[in-house]
Structure formats: C-alpha cells, structure tokens
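Just one chain is shown here, as structure tokens, and it is the form predicted alone.
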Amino acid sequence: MKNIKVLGSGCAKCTKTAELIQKLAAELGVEATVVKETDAEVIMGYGVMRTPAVVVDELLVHSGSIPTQADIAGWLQS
C-alpha cells in the first residue's frame, strides 16, 4: 500500500494531480491512499516552495507542476 500526499492549496492543478494519481493507481492495480494536504505549515515542513507537490511514503518526489503519467506510474510501481 502506497501512502501518497498531494500538497497544495486546493487549486485546480492540485486537484488534477490527486485525480490523476488515483486514476493511474486503479488502472495499474496498485493499492494507494491519496490524501490532499492543504495546511501551509505541513507543506512547508516538507520544504516545498511550489505546488502541487507529491509525497510518496513520506518522501518528497515532485513539486511545482502536474506530474507526468510516466512519473506517477514509476512512483506507484517502485
């Protein structure tokens, strides 16, 4: 089970990122919990300066844009 956090203010890009991760996890048959984190203190705790950002199993893997499907598939399958 992958624990994934999408960090951001709740903007359209953040929502799209979370939806894309959930969609790809379902397509790949990977169990994943996707949580949207909007608390600025929590986001800053990861050292994120630009959102959306993605944290997989407490490791920051992406920030500043909507990730590609290839990137997401790599995180889900690792």
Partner chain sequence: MFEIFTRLANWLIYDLAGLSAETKMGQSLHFFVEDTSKIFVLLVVMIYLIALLRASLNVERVRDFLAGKHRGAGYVMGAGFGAVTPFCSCSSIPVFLGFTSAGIPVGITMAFLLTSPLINEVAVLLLLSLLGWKFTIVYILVGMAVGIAGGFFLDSIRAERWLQSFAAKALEQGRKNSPVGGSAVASMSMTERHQFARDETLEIFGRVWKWVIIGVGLGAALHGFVPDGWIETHLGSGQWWTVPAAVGVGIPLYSNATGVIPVMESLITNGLPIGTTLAFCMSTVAASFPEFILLKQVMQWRLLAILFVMLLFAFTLIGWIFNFIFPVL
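Computed from a predicted model, the values in this text were never measured in an experiment. Positions refer to the first chain, counted from 1.
What comes next is about the form predicted in complex with its partner chain, which does not appear here.
Its partner chain in the predicted bound form comes within 4.5 Å of a heavy atom belonging to C11. Taking the partner from the other structure, its partner chain in the predicted bound form has no heavy atom within 4.5 Å of any heavy atom of A26.
Remark: V35 does not count among the residues lining its partner chain in the predicted bound form, judged by a heavy atom distance of 4.5 Å or less.
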